[in-house]
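Here you get one chain, nothing else, as structure tokens; it is the form predicted alone.
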């Protein structure tokens, strides 16, 4: 019996999720024997005589917990290498957590993988396409995978491409002849096409010009307001996060160091002479400088009462 999505629950619940990489694992046959209960040589369920000794490695995500409410636009900010993309891949079922649990509208992403995949979609900063095919052909292919009819898929594809600002003559142009920014727009259109109730956007506007960014941001708001979608977005654009997000988590070295509304985060620091910005908060809490940011001397963090 298939599990059912419960739209009355939070869109996303993440509980103490940890993900490690470069972990040395015991040989396959040792793990297989352990699973079968036929070790007979002191091996544990994790395989090998060292128990958890093989579970050393790079901790990409360490004990992250967060809740994203239905209909919310939730942002995740963090420097390069902080674990943002790893977290999004776990939320989208592409990676399995080593520890903890991820629930999408009440369904576990590991135990109910296919049910979760039907109601989510993801846009990555490096989207993959059939480069010799056109944007329209790529969208039609993706739509048919989700069970849409040919006529419906074509109508929706043309409508979304137009709303994202692509010219009609580019619909049949091969993808490998398009700019990086235009390709990213097609990736966003492909994700919007299936009208997911949870949309995961991993740096979706990277490489877009200011006008294209604005068009994408307006479309994100429309998807939330008109189609009852919940959006999780990672970005390096502090202005984008401030304009779009209802709440924001700041991720650093695989852990959440702050979470609040944009206004709440700005109240964490005090600046002389001007109102704090999200960029000020980001640099204060992570200790890292954004590319192109001006030098400044932040005052100590004060948690607002």
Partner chain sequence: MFARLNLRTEVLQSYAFVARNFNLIKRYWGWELVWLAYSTATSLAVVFIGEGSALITGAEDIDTSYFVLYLLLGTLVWGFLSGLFNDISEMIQWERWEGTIEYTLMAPVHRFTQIIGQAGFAVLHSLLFTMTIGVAMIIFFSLDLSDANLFGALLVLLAGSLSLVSLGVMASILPLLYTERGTQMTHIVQAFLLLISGVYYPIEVLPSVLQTLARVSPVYYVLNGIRSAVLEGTPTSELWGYIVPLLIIGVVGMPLGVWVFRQAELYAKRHGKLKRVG
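All of these numbers come straight from a predicted model, not from anything done at the bench. Positions refer to the first chain, counted from 1.
The same protein also has a form predicted together with its partner chain, omitted here; what follows describes it.
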- Check each of 120, 77, 208, 216 and return the one that places a heavy atom within 4.5 angstroms of its partner chain in the model of the complex. 120
- Message: I need the one stretch from 155 to 163, 108 to 116, 68 to 76, 228 to 236 whose residues put non-hydrogen atoms within 4.5 angstroms of its partner chain in the model of the complex.
- Response: 108 to 116
- Task: Determine whether any heavy atom of residue 224 comes within 4.5 Å of a heavy atom of its partner chain in the model of the complex, and answer yes or no.
- Result: no
- Message: in the model of the complex, is there a heavy atom of its partner chain that lies within 4.5 Å of any heavy atom of residue 142, even though the partner is absent here?
- Response: yes
- Hey, in the model of the complex, does residue 133 get a heavy atom within 4.5 angstroms of its partner chain? yes
- Is residue 126 close enough to its partner chain in the model of the complex to count, meaning some heavy atom within 4.5 Å? yes
- Query: Of 66 to 95, which residues get within 4.5 Å of its partner chain in the model of the complex if you count heavy atoms?
  - Reply: 89, 92, 93, 94, 95
